[in-house]
Every structure is written in C-alpha cells, then in structure tokens.
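For reference, the chain that follows is the form predicted on its own, supplied as structure tokens.
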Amino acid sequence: MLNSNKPMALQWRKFLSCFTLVSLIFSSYSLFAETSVLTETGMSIETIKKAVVQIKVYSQSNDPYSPWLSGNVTSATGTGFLIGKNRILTNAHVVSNAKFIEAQRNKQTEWYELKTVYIAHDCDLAILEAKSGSFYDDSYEFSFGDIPELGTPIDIVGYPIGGSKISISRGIVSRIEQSTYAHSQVDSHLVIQVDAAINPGNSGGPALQNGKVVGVAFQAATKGENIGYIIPTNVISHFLKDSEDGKYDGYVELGVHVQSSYSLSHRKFRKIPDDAEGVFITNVLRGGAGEGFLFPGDLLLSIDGMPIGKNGTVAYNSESRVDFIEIVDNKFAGEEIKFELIRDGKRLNVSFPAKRMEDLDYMRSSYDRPYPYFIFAGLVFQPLNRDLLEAWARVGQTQGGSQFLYRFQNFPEIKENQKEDVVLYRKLSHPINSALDYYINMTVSEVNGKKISNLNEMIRLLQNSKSKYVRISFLDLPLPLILNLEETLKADEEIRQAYNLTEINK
C-alpha cells in the first residue's frame, strides 16, 4: 500500500456563474511613470510612496492530478501597503503557495524578507509582515475610508507590469455589486468596479480616495476594456476583525437556494399578498445556517428589517441595491440573522445564528497545502474537490464524468454520512490493474462491506484488512473490485520502484 502523509459564502446559487468573466491580475514585469505633484486623493505622492510596497514571490504548488509531484518554482510580483502595527495588506493570490516572499519600498536599496501572518482565500486578502524592523524606517501607514460612491474619482496605486517605479492610474467608480471572487472561484462578496487601468502587478495595491484606502485592487474583467475590480472596505474590515483573535475563521453561509417572486401563478398558489415582495426559497442545504429555520416555499420578505425586493436585492445606500446575501456576508459566526417571511400564507419572524459551512470547502480552489491521496494496487484515490476535478478534465479523463460533476455540484444535498467523496480517477499501470479500467472514474462507497465517509477511513480499512481478498465497492456499480491482498502488497512495491514513488510513506 502506498500512502500519502495524510495531510490530512458562497452564494450557492451563483456558483460558477461569474468566474469566467474575471481574471486575477497578479503577475510580473515593469514600469510606470513617477510624479511628485499632489494627487486628487488629498495626499502627496511622496507620502503614498512611503506606504506602498512592491512584493516578489517565489511559489510552488502541487499537482492535483499527480499529487505526489510538485510543480515548477515560479516568480511573480504584486503590490501591498502598510496598514499599521507593521502589517502589510495584499491579496491572498499574491502569496498563495509561496515558498519565499520579499518586498521593497520606494527608495530602498535592498529587499526584505516577509512572512505571511494571515491569509483568507475566500475573500482574497492576506496580511504580511517584514522580518526586519528596518524595513519600516521612514514609512507611512494608510487608514481606511468608506465604500466610495458611484461616479466618484479613484486612484489605483501599485507596481503594474513588474515595474520598479510606483504607478498611479485614475478612474471612476462605475458599479457596486456582489460578484464571484476568481481566487476561490466560488465565494461571492461585494466588489467595486472601476474604469482605472488595473494590470498584472497591481494586485494587492491600494485604491485611494481623499487620502484614505477605499479598496484593494484584485482582478480585472477578461471581456471589455479598462474594467477592473477592487475589494471594498467592508470586506477588508471583515477580514481584519475576523483575524483579531489570532486566527482567520472565514465567512458564514446561509445555505439556501432562492428564486425571484415575479411569477403571478406562483404567488397565488403560495397565497402571497399583492403588496408583498421578496424571494422564494427553493432549497435549504444541510449544514447551512438556515437549516431547520427556513424551508422550501418560504417567501423571504426582509432581513434584519431591510425589505427584500422581488429580485432578491436590498437597498444598500441611496444609489445602489445589492443581493440580500450581502447582509449575511457581513456577519460573523454566532451573530443573529433575522427574517420576516410568509410560510403557508402566514407572516412569521424567525431568527437564528450565522455559521460557517465547512461542507462547501471542497468547492473552493485550494492553496498552501498538499493533496491527500492513496495508491493501492496502482489505483489512485483522492477526495473529490475543485482542483482535482479541473485537472482531471484537462487531461481528458471524462469517462464517468457525469457522476463526478453531479456529485460535486450537489454533494451537500445528496451526501448521507460522507464527509467527502473518495474517487478512483486514474491508475499507474501494472499487471495487477490491467483489467480494472471498468472502475476508473467511479466513487467509492464501501471497503470490505463497510461504508466509508472519507479517505482516511478508507485507508484505515485497507491497511487493517486481514482477509485474503479486498473488496472495494463503488456507487452505481453492482459488482465490487476484488484484489488479492498479498499480490497487491507485492505489486505496490514494484509500482513504487517503477514510478519513482520512493518518497511516499510505506
């Protein structure tokens, strides 16, 4: 048996809807103009230079399809800025999978090593710190402002295209909305759309207005021209407050599917008064905050006293409406969520605590950790997650794909007692597995007649098996895969040697 080291807010309804429209802007290369005049931010360029940081990152990620292999070491640059207590705020995607991080401020002649203090992949933010106190000599720390208003000017500061000179590009705030963050490819939070130039290397740089930070540059639209996005201060504040206790917990999730209430026939069937707006709940996910308190067919009228429109939005300020989920997004675990709703023709008020939904973690792109896996008779098993599914699709191994895709998208609803889906997705060819292609791309259900809930349980059952034959059963297949244990153990050693897997624990 070959064993790994066992390292071991989504707005669900928006899943996969937007991430193809934006791309992260973290990357490398050079230069932009330098000036010393006062900007419309109300701050001198010289002061801005003291607070903005150019970051170099050397990173290395693991290969989800061949989890025993590491990818090449790559280098890139991004931007960060000082926010107090010697902390540097930047994007999570700037320092994800980092092996070494260094930074330099304007006029400094040497690069200083940084360490990651906190990283939040679900909102694409990270806090770094220089290991040497001299890095902060003659520095300036930004303070934060409010969310900017539509149509107001905004300055994006950073080191785009890898240049060694600081750059300031100016634009206006053109939209405020909830949108998917490309870094995790799942989580949806408030974003500010700007028409200022945002290029590779700008990632993590401050967006300034009236001398204060009103956002962090982080991604750009792949369609259209000069459409960039910044992370607004409410998301930044949520991240900073979450980290105050020394660890980052992440966003809470309501865990419901909803639909608009425009349909007259649907409204009449549900006995909805003509003057009531709101959205219908179509499904409640297991493990979400709404489980046990909200039910399919409920019409959500208001959240925390704010009326919800027929399209699911609430008034955010005098100019904008945002998805009502934004109100949940701003809460922390344990804080109360209040709804007014109509259920079975009656108006009700319900309240319940917000909570994080760990069952959805597998849907996020993952970073900074190896992939757990297990090789048995050359058959490679892994928990199904986004990274594996994407890698598996890229190599064209789509046989049995419908089962993988369906369960990936619906796992919180269809799971029974599983903590994760364990899948057999490839094999390292050897005579012992030459006739086993039939089982490739299937989901494991039992080992030796015992249901499994996760990869570690499967490994334990296989390693402790005393039977002459090992039986591995799969969902939707009537006959299990059967292997002779003694022959398998012998084959594992041959496979280890043939595929140079000597570093894997025996």
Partner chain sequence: MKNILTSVLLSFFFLSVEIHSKSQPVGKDDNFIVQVKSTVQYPNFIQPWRFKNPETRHSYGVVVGENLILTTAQTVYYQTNTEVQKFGSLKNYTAKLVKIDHDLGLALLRVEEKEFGTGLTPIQFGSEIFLASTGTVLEYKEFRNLSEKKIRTIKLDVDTYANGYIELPYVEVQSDDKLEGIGELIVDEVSKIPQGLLIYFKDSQNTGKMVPNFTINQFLNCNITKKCFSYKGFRFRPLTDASSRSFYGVRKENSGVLIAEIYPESSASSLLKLEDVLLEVGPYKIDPKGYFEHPKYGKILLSYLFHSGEDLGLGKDKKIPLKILRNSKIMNIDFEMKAFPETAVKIPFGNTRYRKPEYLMLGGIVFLELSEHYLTEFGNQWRTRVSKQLLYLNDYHRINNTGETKKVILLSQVLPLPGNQAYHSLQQVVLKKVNGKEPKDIRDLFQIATESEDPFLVIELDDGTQVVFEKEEITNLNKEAIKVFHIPKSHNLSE
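Basically, rigid core = biggest C-alpha set you can superpose within 1.5 Å across the two forms. Just so it is clear, the model here is predicted, and its values are computed rather than measured. Positions refer to the first chain, counted from 1.
Keep in mind that the form predicted in complex with the partner chain is missing from the display, and what follows is about it.
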Give me the residue from 315, 393, 150, 405 that has a heavy atom within 4.5 Å of the partner chain in the predicted complex.
405
Which pick from 259, 75, 210, 226 sits with a heavy atom within 4.5 Å of the partner chain in the predicted complex?
259
For the partner chain in the predicted complex, the stretch among 47-55, 453-461, 61-69, 476-484 with residues bearing a heavy atom within 4.5 Å is 476-484
For residue 193, is any heavy atom within 4.5 Å of the partner chain in the predicted complex, or not?
no
With a 4.5 Å heavy atom cut-off, would you call residue 109 a contact of the partner chain in the predicted complex?
no
Given that the partner chain is not shown alongside this chain, does residue 283 nevertheless sit within 4.5 Å of it in the predicted complex, heavy atom to heavy atom?
yes
Looking at the partner-bound form in the predicted complex, is residue 43 within 4.5 Å of the partner chain by any heavy atom?
no
Does the partner chain, in the predicted complex, lie within 4.5 angstroms of each residue among 265, 438 and 471, using heavy atoms as the measure?
yes
Once both forms sit on the same rigid core, is the C-alpha displacement of residue 278 at or above 2 Å between this form and the one not shown?
yes
Aligned on the rigid core, do the two forms place the Cα of residue 269 2 Å or more apart, comparing between this form and the one not shown?
yes
Residue 146 C-alpha shift between this form and the one not shown of 2 Å or more, rigid core reference:
no
